[in-house]
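Form predicted on its own, single chain, as structure tokens, below.
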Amino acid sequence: MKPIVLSAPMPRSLDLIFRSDKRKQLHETYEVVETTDDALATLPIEMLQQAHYILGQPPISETTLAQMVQLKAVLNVESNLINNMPYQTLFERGIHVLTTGAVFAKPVAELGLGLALDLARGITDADLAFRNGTEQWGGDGNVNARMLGGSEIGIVGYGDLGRALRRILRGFDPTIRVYDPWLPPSMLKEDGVIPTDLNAVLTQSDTLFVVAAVTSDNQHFIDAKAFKNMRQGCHFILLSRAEVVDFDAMIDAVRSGHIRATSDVFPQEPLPMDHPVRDLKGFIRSPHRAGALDTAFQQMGDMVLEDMALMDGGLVPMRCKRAERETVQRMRSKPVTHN
């Protein structure tokens, strides 16, 4: 009898995260039972008792979890670990909670670099001016331009995305300062970046990338005071989640001319048509598309299959990132609703 996989990967789908050959491998190796967040708890008790894996992170109650006596792992393919199940019980039973979110680090970092270059060199503004016949040629079009090369760059948050950014930025030979209170300074130094506190990264950055996950400790911590402390003309780039930033304060800082900014994430998605960000000068808009590439989604399926194969053999999963008991319940990111 093949091991049972309960599949509830919303908002993803099996066709999105598995190439055809990998989906064939999935079905050849496992009995895949497709369900939904709401329906998982109503599945026959015999099916719950025999399930080895959950693909997705649907809500799981203590009662439902108690019935899942053979469960080995919950494989989150949304990317944000969600506070919707009894983590303490999962840890006590040795059930892994895994996320494939690392697949987004490189594509998001690449778009982040593109946004940084756009802010530095005015690429979008120059194109729009060209379209309406108001372009400025040569040096006249570079009055506010500057280089990333040799500049001072700050990164707030140094997980998979922060490290991917550092690798991409290294070729520009910048000074990179990093603020991440969850990491020891020695690990940052080993990576060739300067560990620092929040105030230093705010006040000493020409370009500031915010890539921190949302936690119970840091919601809206980039606030009006933080924006005021940034260098005049700082380029502010938000790539992780809107909830780490006071968006109204950011809008005020851009509108005043103190900073220029760009974001791939927003407090509401989609944004209302009358939201002030839509026509904010000095701000570049990206509709939460930085990581949404087919190649990234399909890497999720590869990671899931490799880790399930390891666990089938009684080994530790190695490709996905494991939730940590000390931090997982601090996570506060909203689940994504669009791929």
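On a predicted model such as this, the values are computed, not experimentally measured, just so you know. Basically, rigid core = biggest C-alpha set you can superpose within 1.5 Å across the two forms. The first residue of the sequence shown is number 1, and the count goes up from there.
In what follows, reference is made to the form predicted in complex with another copy of the chain, a form of this protein that is not presented.
- The single contact residue among 85, 214, 254, 111, judged by any heavy atom lying within 4.5 Å of another copy of the chain in the predicted complex, is 111.
- In the predicted complex, at least one heavy atom of residue 127 sits within 4.5 Å of another copy of the chain.
- The closest heavy atom approach of residue 63 to another copy of the chain in the predicted complex falls outside 4.5 Å.
- In the predicted complex, another copy of the chain lies farther than 4.5 Å from every heavy atom of residue 233.
- Shown alone here, residue 176 lies farther than 4.5 Å from another copy of the chain in the predicted complex, counting heavy atoms only.
- Heavy atoms within 4.5 Å of another copy of the chain in the predicted complex map, among the stretches 51-59, 24-32, 37-45, 281-289, onto 281-289 alone.
- The putative spot formed by 131, 140 and 324 is fully lined by another copy of the chain in the predicted complex; each residue has a non-hydrogen atom within 4.5 angstroms of it.
- Contacts of stretch 105-120 with another copy of the chain in the predicted complex, defined by any heavy atom lying within 4.5 Å, are made by 106, 107, 110, 111, 113, 114, 115, 117, 118, listed in sequence order.
- Residue 294: CA moves less than 2 Å between this form and the one not shown after rigid-core fitting.
- After superposition on the rigid core, the Cα atom of residue 314 is displaced by 2 Å or more between this form and the one not shown.
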